[in-house]
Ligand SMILES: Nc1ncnc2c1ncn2[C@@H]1O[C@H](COP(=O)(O)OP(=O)(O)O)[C@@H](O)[C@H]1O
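First, one chain by itself in structure tokens, the form predicted on its own.
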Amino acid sequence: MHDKKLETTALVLTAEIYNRTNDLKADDLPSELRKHYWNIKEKTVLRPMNVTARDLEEILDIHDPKEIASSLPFMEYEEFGQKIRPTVFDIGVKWLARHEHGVEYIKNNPVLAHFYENYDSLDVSYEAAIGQNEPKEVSRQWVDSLITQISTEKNAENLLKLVHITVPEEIDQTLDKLVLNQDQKDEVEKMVKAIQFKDYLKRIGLIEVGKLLFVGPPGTGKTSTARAMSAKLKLPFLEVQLSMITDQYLGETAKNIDRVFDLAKRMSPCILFIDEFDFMAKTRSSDENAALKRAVNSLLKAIDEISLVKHDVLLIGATNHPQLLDSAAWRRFDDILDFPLPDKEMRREILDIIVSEIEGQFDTEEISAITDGYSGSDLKLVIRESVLNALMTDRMALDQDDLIRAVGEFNKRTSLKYIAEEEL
């Protein structure tokens, strides 16, 4: 059972300290409080930050605020407005510090840690509290604030149609659920360090950092890795399909490209993920469409002008057809990351992750041996078919025959696909 007095005191003192200390920003508030009090229009948590009975109910699941306030000698419940506030701030501060679990609350709350850092020799660090607190960019509230502001501008509807925006807290795909080779792991870690030491990179003039190109066959994890990086780096994820940008109903292509990159800068810090990168880049050497060719030049120029160090935008392009890109496109990226089809050991690891929550007796080593040439997405389809086939006979546990049968069905479907493509 949670300690209602402790939780109420911590919340009320957090609000009081935040109201008194202008140096504290919305990012200093614990994420659950920041989300609750967030003002979408102003893109922050406004002062004064008041604590009401409704706040206690919604944030802490406390339904008897008047009784709790009455039981604490440093707090009162105001009937008008149903507000809970400290009457003797100093006593409340001492009470929280001396509570057996008080320091634990303080350490996990940057606002409290900022106040208590030099208080009565408590082992509390504001920097440590900030380090484990989620930044505002993780939440949907932050993104919605920016979208609300942008939506009032001219051509905003067309612009927002071009980009699918996801926030880190909405991304289920995490790096620990992906099977990456060492080069891929190293590149992710480089971006973590580049963001961590961004000010240093800027100071030494190294700004051409943070433009990655993911290349490889379909289903090898390019998009999944980019999304998982969003969760890891706690950055909003802006996904663009280049085929959408050229849609005749969404305005001129070159202008759409400029709008997308401008949006990324305004949404920063963020990841801008451009899929189907070959869709327009391959047309640079073509004379078929002069307007599209101009759009490609706009795209390459926009890539030149955006920077992780200067604009807080990590740019990731992805293509299934790297051979279609010319040297002008390749030069724009500071690193090219290959996503090959998984080898036997990687296939086994992928299968182990996919079946980790599935009951049954099966050998993923054998399945990995008979699935040469399969992508990670292909392996997910195999397991999906195995599960659905088992459910046809009301079974929720798989056996080896289920997996082998699904591999055979997948191979048959793939053969039919190739036959159909050859007839086109």
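Sequential numbering from 1, following the sequence displayed. As the structure is a computational prediction, the values presented were derived from the model and not from experiment.
Missing here is the form predicted in complex with this ligand; even so, the following discussion is about that form.
Mapping the unseen interface onto this chain, residue 73 falls outside it, with no heavy atom inside 4.5 Å of this ligand in the predicted complex. A residue is said to contact a partner when one of its heavy atoms sits within 4.5 Å of a partner heavy atom; residue 111 fails this definition for this ligand in the predicted complex, lying far away. Proximity of residue 218 to this ligand in the predicted complex: non-hydrogen atoms within 4.5 Å are present. Among heavy atoms of residue 44, none comes within 4.5 Å of this ligand in the predicted complex. Among the residues 348, 259, 222, 332, the one placing a heavy atom within 4.5 Å of this ligand in the predicted complex is 222.
The single contact residue among 150, 254, 178, 122, judged by any heavy atom lying within 4.5 Å of this ligand in the predicted complex, is 178. Between 385-393, 24-32, 60-68, 371-379, the stretch whose residues reach within 4.5 angstroms of this ligand in the predicted complex through a non-hydrogen atom is 371-379.
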